[in-house]
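Next up: just one chain, as structure tokens, the form predicted on its own.
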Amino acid sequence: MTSEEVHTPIQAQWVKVSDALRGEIGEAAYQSWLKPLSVREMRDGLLTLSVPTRFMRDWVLAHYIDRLRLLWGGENPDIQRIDIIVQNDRLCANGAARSVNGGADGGRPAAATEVARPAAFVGETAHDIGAPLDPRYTFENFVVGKPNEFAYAAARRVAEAERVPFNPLFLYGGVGLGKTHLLHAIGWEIRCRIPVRSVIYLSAEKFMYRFIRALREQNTVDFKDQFRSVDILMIDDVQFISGKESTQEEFFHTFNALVDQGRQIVLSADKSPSDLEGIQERLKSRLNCGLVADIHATTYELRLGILQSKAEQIGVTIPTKVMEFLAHKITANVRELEGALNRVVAHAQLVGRNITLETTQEVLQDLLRANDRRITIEEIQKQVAGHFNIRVSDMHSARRARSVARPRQVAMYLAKQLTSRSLPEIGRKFGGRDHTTVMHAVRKVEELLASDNAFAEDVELLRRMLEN
């Protein structure tokens, strides 16, 4: 049977097989892993299916191939083998699976998914130097709210304008808040709008790996040519090159070469350039010379919007009370929030029970316990103020008396150690102070911990009280 004939009986069989699998594994898993499959060819007992990414192919082979063979064998005994190839015919975002704000949907394939790209786009035709883009991370499914609206607007400007007045664009924020999503979205938008522009997206770790390999193979000239000839260079998790002097040196020269040519650079990290430790001062200065955009922790309204968008995408009706409960309770990051929703939906589909507030609490009891134990800055301020016999309001005041300033520094230090908040966020909680004030407080407390045993015992006691 040729590929021209594949669209009749085999397609009908695929509908039956996929429906059967959908019933077994649930809607969420089906949408993520099996819906992207396409029938390509049936020849001499070999059925060929295609998926848009290498990551999806590996996942299907690892988790569903045996079940596919069994179900399809029941529909068509002539099928002796099933092969899965990587081939993506769907350009831009229209055919892509969807995810919200960098959240997880059965895993985190952001650095492992592969999509076919035009020759001018980074891929095998450009020596495969960049990591592939995740087809789920587009601007269309990024939920915008106050914590991320500035970063989102800046990312769209880079993607839509031929030239922008800021270079680089530096996005920073905590884990799972959407930095990677925005980088991938920039790549997808450029691919759809101006496919002739060349783009490289990769992690800082992969940049370092490529550089080390070029050194080992004495091929640094090609490495420099590859990275310094693109229109847009996007590097994720820049904090990874902290302390790696040779990689920073090469990155610095690559940065300068691209900026001098008017090429755009987009970077992300977990801290602002000024707060990155182990980074050369001249590189910090370069990173600060463009636009630095902070993605803050999610608000209740943004979390609720993300849940509503996610539920709509997977085609499941979630009771409003459940949505509101999850938005209140799961506050760490978007990835954890989406993971919680996926668990609730999967449980309901597999067990055959309705989604209710009671079943949600039952399914997520381990996650809810972990979130209930999460320490807040307000709690730290209250505990430290009580221990040192000062008012909580002194934590926010401008008073500089030692009796107030030292406890305030301790509270800032504990906030840095016990919460996932960034330094600017911590500063805002202490009367709108600058992040450099928080850095100074942390360093001062660390010095006192090393030199003053009584002070160290006080801080350790406070830590134990907060963690219990």
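Sequential numbering from 1, following the sequence displayed. Fair warning: this is a prediction, and the values are worked out from it, not measured in the lab.
The form predicted together with adenosine-5'-diphosphate is left out here; the points below concern that form.
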{"query": "Partner-facing stretch of 252-260, 317-325, 273-281, 178-186, counted where any non-hydrogen atom is within 4.5 angstroms of adenosine-5'-diphosphate in the predicted complex", "finding": "178-186"}
{"query": "Non-hydrogen atom within 4.5 Å of adenosine-5'-diphosphate in the predicted complex for each of R156, F170 and D294", "finding": "no"}
{"query": "L233, V143, V345, V238 - the one with a heavy atom within 4.5 Å of adenosine-5'-diphosphate in the predicted complex", "finding": "V143"}
{"query": "The unique member of R335, K329, R197, H387 whose heavy atoms fall within 4.5 Å of adenosine-5'-diphosphate in the predicted complex", "finding": "R335"}
{"query": "Close approach of G174 to adenosine-5'-diphosphate in the predicted complex, 4.5 Å, heavy atom", "finding": "yes"}
{"query": "4.5 angstroms heavy atom contact with adenosine-5'-diphosphate in the predicted complex for A204", "finding": "no"}
{"query": "Partner contact for A131 in the predicted complex: adenosine-5'-diphosphate, 4.5 angstroms, heavy atom", "finding": "no"}
{"query": "Interface membership of K310, adenosine-5'-diphosphate in the predicted complex, 4.5 Å heavy atom rule", "finding": "yes"}
